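Just one chain follows, in the form predicted on its own, and it is written as structure tokens.
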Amino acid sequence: MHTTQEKYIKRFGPLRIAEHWLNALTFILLVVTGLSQKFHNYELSQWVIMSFGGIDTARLVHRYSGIMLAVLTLQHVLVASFGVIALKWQPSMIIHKKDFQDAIANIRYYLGLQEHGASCDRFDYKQKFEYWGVVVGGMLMIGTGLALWFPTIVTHYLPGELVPVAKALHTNEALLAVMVIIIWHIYNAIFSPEVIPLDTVIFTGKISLSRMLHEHPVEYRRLSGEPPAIAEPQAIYEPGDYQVPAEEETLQDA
């Protein structure tokens, strides 16, 4: 149970928080304007389209939101790549063998076959799965969206069959992304017993020490230089005082 004396560790900087909410806003616009076109026979879809001023305006909003998604994705990849290569940031989102071992360990823990769950680093295997789903899925949406926006240019260089393929990929990936956000991301951010009634990390950029010990003991041990069993090492100060090293503020979960 958290108390007023709970100590906090900085997890995300203001740029990562701003990036998250820009992505969230862009995603919402794309979903609202995109799915209303896909399911245009429904009254709700027609109401949404008319609320935007008609189908032409809805399409413009969707396309320019797609441009925003492309810009956000490109800058994220470039900044992360530059940070890892030039600034020696830790590549926290790279999938390792340990992630598969952690998944197996947690399954065994849930089944009562071992006493403790996995000890995870800065991001656990579930966060990495969601992150790469967003990045790869975003690139797929950008590529297929451009093919649908400029079909004559695409078919000038590539087979015409690519356009209907792009349409199928674009709309089905959109549905998959919506389901992942609703079922996976929103649950983990709001309804999970670990964070209910709301995970405030992406608002404040800070995570409580008790939650850090529970969810990211490997990262805690690396940053503090102390084993996770120690509750208050000298590396942890009063709320908001502890700053994660620059190399830790790299690819964030979506």
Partner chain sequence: MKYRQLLILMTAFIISLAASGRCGAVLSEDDQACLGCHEAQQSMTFKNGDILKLKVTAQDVEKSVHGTIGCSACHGFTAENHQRKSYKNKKEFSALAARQCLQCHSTLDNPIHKKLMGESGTGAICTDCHGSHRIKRVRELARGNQYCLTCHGKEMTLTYKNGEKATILVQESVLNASVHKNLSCVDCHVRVSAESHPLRDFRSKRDFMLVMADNCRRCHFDKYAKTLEGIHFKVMSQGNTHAPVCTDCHGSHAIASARKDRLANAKKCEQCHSAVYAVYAKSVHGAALIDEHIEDVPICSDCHKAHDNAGPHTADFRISVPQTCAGCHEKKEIMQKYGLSTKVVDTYLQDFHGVTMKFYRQFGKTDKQIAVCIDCHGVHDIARVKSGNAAIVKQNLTKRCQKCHPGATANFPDSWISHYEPNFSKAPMVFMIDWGYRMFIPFMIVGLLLQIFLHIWRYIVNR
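Residue numbers count along the first chain shown, from 1. Please read these numbers as outputs of a predicted model, since none were measured by experiment.
Note that the form predicted in complex with the partner chain isn't included here; everything after this is about it.
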{"query": "Which of 36-44, 66-74, 204-212, 23-31 sits within 4.5 Å of the partner chain in the model of the complex, heavy atom basis", "finding": "36-44"}
{"query": "The partner chain: the contacting residue among 94, 176, 87, 78 in the model of the complex [heavy atom, 4.5 Å]", "finding": "176"}
{"query": "Listed residue (189, 49, 223, 61) with a non-hydrogen atom within 4.5 angstroms of the partner chain in the model of the complex", "finding": "49"}
{"query": "In the model of the complex, residue 100 touching the partner chain (heavy atom, 4.5 Å)", "finding": "no"}
{"query": "Contact of residue 162 with the partner chain in the model of the complex (heavy atom, 4.5 Å)", "finding": "yes"}
{"query": "Residue 128, heavy atom within 4.5 angstroms of the partner chain in the model of the complex", "finding": "no"}
{"query": "Residue 193: touches the partner chain in the model of the complex, heavy atom cutoff 4.5 angstroms", "finding": "yes"}
{"query": "Stretch 164-185 - residues with a heavy atom within 4.5 Å of the partner chain in the model of the complex", "finding": "164, 165, 167, 168, 169, 172, 173, 175, 176, 179, 180, 183, 184"}
